[in-house]
Structures are given as C-alpha cells and as structure tokens.
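First comes one chain, alone, set out as structure tokens in the form predicted on its own.
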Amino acid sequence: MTEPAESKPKRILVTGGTGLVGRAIEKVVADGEGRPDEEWIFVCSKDADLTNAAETRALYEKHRPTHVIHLAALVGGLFKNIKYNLDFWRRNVHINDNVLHSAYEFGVQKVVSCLSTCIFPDKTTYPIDETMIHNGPPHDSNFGYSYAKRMIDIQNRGYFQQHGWRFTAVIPTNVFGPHDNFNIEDGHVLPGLIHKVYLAKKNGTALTVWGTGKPRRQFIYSLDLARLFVWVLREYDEVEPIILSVGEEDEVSIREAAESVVEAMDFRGELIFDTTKSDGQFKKTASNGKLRRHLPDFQFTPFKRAVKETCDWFNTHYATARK
C-alpha cells in the first residue's frame, strides 16, 4: 500500500468516462475548466472490467492516478431496476469495492464517487439532506442499486476512520444532457421522453407518457453537474457526501418535464398519460443548502434551455446516440 502523495501534477482517472456525466466532465475540462497541472484520463468498460479485482488493479497500475472520479455503475430506469435488483446490487458492490480499494492500495489522494438520491429512505420528511441517508430503507423498486450506492458512503467512512483517507461522494438529483442513454425501456425519465417525442413526431402518432405525470423531480443538467464535480474534486474536503442539485423551488412534475420536451421538439400531436404504468416514487425533494453554503453564487442552466440543448443534441446525433 502506497502513502498518498501530494506531488503535482494531478493525474485524474475518471471511471465510466464515456457515459453521460463523464462526457460532460470531459467537455467542461476541454472548454476551459481544466488546469495546466491536471492530466485527465477517461476510461470505460472496454479499458477494464471493474467487477474484476485484477483488471481494476491493472488499470491503476497502468495510469497511476493521484485522484479518481468514480462514475462507473450498472444503471437503468425504473422497470429495469424492478426486474433485476439482485444484479444491480452485486455488480455495483463489486465495482465500488474494487475501485475504492485499489485507490487505497495505490495511494490515491482523493476519490469522488457518484451516488444517487434514490439512496434516501422511502418514508421520510422533505426536503431530504445529507444527514438522512441511512435513516430507513430506500424505495422497494430499486433497493439493490440503492443499497449498493449507500455502501460507498459506509466504505468512505471506513477508509477515513481506519486509515485517514479522505474519500467522499456526491449525490446528484436526476441528471440529463447530451450523451445520455435515450433507451425508452431502460433509460431514465427525461431521455426516454425525448426519444418518445422524437418517434411520435416522426411517425405522426400521439405521445404516451407512462404514469400519471404527477411525480415531481429535480433535474440537473449534466454540464452543470460536471462543473460541480470538478469543484468537489479540487475544493471539497469532507468525507460526508454533498447533494449536487438545483433548489427545491426548481422541482418539476413529470407532466411539466414532458411539456418542456414537447415544446423543445416542436411536437404538435396529442399527449396521453398511461395511468396503468407505475409512477415509482412520488417525490424525493432534496435540499441543496449545503452546496449553497459552499457555492452561494453558482448559476444553474435554466431547465427549459438545458432541455432544448439536449433535444437539439439528440436530433443531431440520433443515428449514433445510445438508445
């Protein structure tokens, strides 16, 4: 095991580097957020199978990172989670343990892992904040993924208590943007809506949205989240997680999200809500009070503008987009 080194330059390894958030971080770094003393290395599943401890160690041996942003995970939408909770638990626990323990063994100064608001208790008061993560079971629909993500926080605490390592985690709300997974069956709600609207417009059919449209969500644009990730890596020194989210006042209903996509795509057809489909969790309103105490002046991209930019990207890259 190597002692953490304070020498420069920083070598920052980003797991899951070709996904939604990884691509966004790569873009903001390239567009002026990067620094001369930082080397950014973006890797994906083709570079190593992170469920395999030996392959994960080989990845660290090859790149010798001083810092890690850990984004890699088995992810999916509501219906995929309901069907495969065991797979979501096992795959993600293996990935997280391998990434964190290799970071410890190779003397990485800091790891910033990505959690999710689904880790919070299903039965709770709102808004939820960072102190409430372990106060009760998560929603039953995705307990496998949720508990696997919660365990990152437990492991981070363990590395700090036992070895003094300052690994931490961020908790974004619903992320969307260019390079998302736009699969209608397995993707998340907003990219799925964008793909549905695209097809409805192309085929001249009605747009059918699953559920009542009443559940409420806080959406964060991937490029905003990327800028915040870079800040956490450089400036945030706590082991305890931090929620990265727009404010409570910026929460929107699924109906409002669908209407924003309809407007951005200039869809003129009928909008139908299929109430036979599950709504999932009704709300999981998160407080960004801790973030605001650190960054009171951070400017989020307005939701409708971010939706429009994402829709424009999807229209332009439809042939090659994940779907």
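One rule holds for the numbers: they count along the sequence shown, beginning at 1. Not measured: the values here are computed from a predicted model.
As for the form predicted in complex with a small molecule, it is not shown, yet the points below apply to it.
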Of 170 to 178, 100 to 108, 132 to 140, 204 to 212, the segment with heavy atoms within 4.5 Å of the small molecule in the model of the complex is residues 170 to 178
Within 4.5 Å, heavy atoms only: does Ser116 come near the small molecule in the model of the complex? yes
(message) Does any part of Arg217 reach within 4.5 Å of the small molecule in the model of the complex? Heavy atoms only, please.
(response) no
**Request:** Indicate whether Thr301 is a 4.5 Å heavy atom neighbour of the small molecule in the model of the complex.
**Result:** no
Exercise. Is there any non-hydrogen atom of Ala48 lying within 4.5 Å of the small molecule in the model of the complex?
Worked result: yes
The small molecule in the model of the complex has a heavy atom of only one listed residue within 4.5 Å, and of Tyr145, Tyr221, Tyr236, Phe182 that residue is Tyr145
None of Leu71, Val230, Leu190, Ile128 but one has a heavy atom within 4.5 Å of the small molecule in the model of the complex; the exception is Leu71
